[in-house]
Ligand code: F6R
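Here you get one chain, nothing else, as structure tokens; it is the form predicted on its own.
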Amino acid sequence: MEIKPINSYNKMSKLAAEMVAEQIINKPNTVLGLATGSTPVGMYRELVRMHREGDLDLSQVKTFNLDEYLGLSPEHSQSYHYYMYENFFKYVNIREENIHIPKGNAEDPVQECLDYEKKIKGLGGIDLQILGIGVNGHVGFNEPNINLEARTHIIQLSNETITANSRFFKNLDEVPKKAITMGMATIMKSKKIILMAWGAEKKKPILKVISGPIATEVPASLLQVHNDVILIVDKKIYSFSSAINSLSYPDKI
């Protein structure tokens, strides 16, 4: 695991965008796994800037989003479909047919999960997966549990996640209670992963990702066994010990 402590949100966003751009330049038909939420917004803004300035062509890129709220239509202002178009897809030249987001309002959600997994496999899996992390250590919407689902599936959201996400809705009751999400095995099969973490509320889960035991109760801790993970982390969310500061960050754990 390569750890990159960053002292400003803008620097975090720029670094993540540069890494994504490098991946696309090196492999124009890259399959990107994309995340939503407040953390990656700046990264998307930087990628849009690069595209507008002529430094980034995304015409061959394929994308798969991690998750979507169950029951929300793509037009709903709090759907992740809406988020992705408003923050990214509307402003770059990714082809419509190359954009994949789970359908929250699918008539048959179980079949939607199966079809989504099949599409990912059909394109050879995710080349570069962008992740955020929830306050309870979830990635995608894989919530802490004794058992974790391997593939794309329907998940019951935890009370912690519902409460955390209520800031995007008028009130707590409006927050969907279920979602469609990629499973941990699908995420872990990604060739490269970038995990972004910003804000004081991410201190506990990030500490568990870096130094805690691997446990399904902290789904993000499974990233410790992946062979190519970059953690871009807010310096302020925990105090780096002298041992951590002396690490050769490019080394993989």
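Bear in mind the structure is a predicted one, so any value in this text is a computation, not a measurement. For every residue, the number given is its place in the sequence shown, counted from 1.
There is another form of this protein, the form predicted in complex with this ligand, and it is not shown here; the text below is about that form.
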Judged by heavy atoms and a 4.5 Å cut-off, are P74, G104 and K178 together in contact with this ligand in the predicted bound form?
no
With a cut-off of 4.5 Å between heavy atoms, is C113 one of the residues that contacts this ligand in the predicted bound form?
no
With the cut-off set at 4.5 Å between non-hydrogen atoms, does G37 touch this ligand in the predicted bound form?
yes
This ligand contact at K90 in the predicted bound form, heavy atom, 4.5 Å:
no
H138 versus this ligand, in the predicted bound form: is there a non-hydrogen atom within 4.5 Å?
yes
Taking this ligand in the predicted bound form as the reference, which of I155, L128, I133, I120 has a non-hydrogen atom within 4.5 Å?
I133
Which single stretch, out of 22-30, 38-46, 206-214, 219-227, brings residue heavy atoms within 4.5 Å of this ligand in the predicted bound form?
38-46
Can you list, in sequence order, the residues from 185-202 that come within 4.5 Å of this ligand in the predicted bound form, counting heavy atoms only?
K202
